Ligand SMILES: C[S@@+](CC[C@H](N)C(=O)[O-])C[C@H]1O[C@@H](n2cnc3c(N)ncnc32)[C@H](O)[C@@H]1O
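Starting off, we have a lone chain in the form predicted on its own, written out as structure tokens.
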């Protein structure tokens, strides 16, 4: 579904993001789910486009640093940033559970011209394996500044899993490493909302097998407790205004946020 929205947004006359591989990865199944979700949350495509553009910008800024760098797509799903945003001296690692990654690689095999070598593919059972150990075993360096892109994941994890992942990044990687992730706020996760569209949105993703589990209103205390000392947060309304020059309350972006955090990076963009 997310790949379908990314592909649809890329095909607009004035696109906010550009992903030529997304529709091929989504397939008709993804497009059908996106069309069904449009009936529940008609602004989802804009949300995905804004999020994609923001995180793409983070990768581009990170790539401009002089020393060799790494980008880790944590819970990569059908992400295509390694193919889209390759840069000399920048290495990409895609970390995901074996079944999801296997399905992505199967779909990539049917996309002519996709540069599969643009990323190293790292399988990880997050319940039983340490993702940093799996990365090191696949050639990643913990002593190299790394950008962790954690997109569309935290809302579906337990609070303990979110805290543990953030703490592992803060304690186990180069101090100038950065984690960039999106999150939902507590009210929508708990279902403490009155708008029927919000309740329908929660039910829709739960029916897909991804019930909402974690929300945080202000991620700064969470990040501080995990060990980060530089934090920058954004709301989707802010980013949508930056991207489109418009604001509309009915878009219902009040529950979504994005955060960047590092122990020591001087510029979070």
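What you see is a predicted model, and the numbers here were worked out from it, not measured in a lab. Residue numbers count along the first chain shown, from 1.
We do not show the form predicted together with this ligand, though everything after this point is about it.
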Q: Please pick, from 100, 118, 142, 138, the one residue with any non-hydrogen atom lying within 4.5 angstroms of this ligand in the predicted complex.
A: 100
Q.
I need to confirm a contact call. Of 90, 153, 170, 82, which residue comes within 4.5 Å of this ligand in the predicted complex, counting heavy atoms only?
A. 153
Q. Out of 191-199, 156-164, 170-178, 82-90, where are the residues with a heavy atom within 4.5 Å of this ligand in the predicted complex?
A. 156-164
Q: Kindly confirm or deny that 61, 72 and 94 each have some heavy atom within 4.5 angstroms of this ligand in the predicted complex.
A: no
Q: Would you check, heavy atoms only and a 4.5 Å threshold, whether residue 132 touches this ligand in the predicted complex?
A: no
Q.
Even though the partner isn't displayed, in the predicted complex is residue 184 close enough to this ligand, meaning a heavy atom within 4.5 Å?
A. no
**Q.** residue 126 within 4.5 Å of this ligand in the predicted complex, heavy atoms
**A.** yes
Q.
If we define contact as a non-hydrogen atom of the residue within 4.5 angstroms of the partner, is residue 2 a contact of this ligand in the predicted complex?
A. yes
Q.
Going through 168-186, which residues have a heavy atom within 4.5 Å of this ligand in the predicted complex? Please give them in sequence order.
A. none
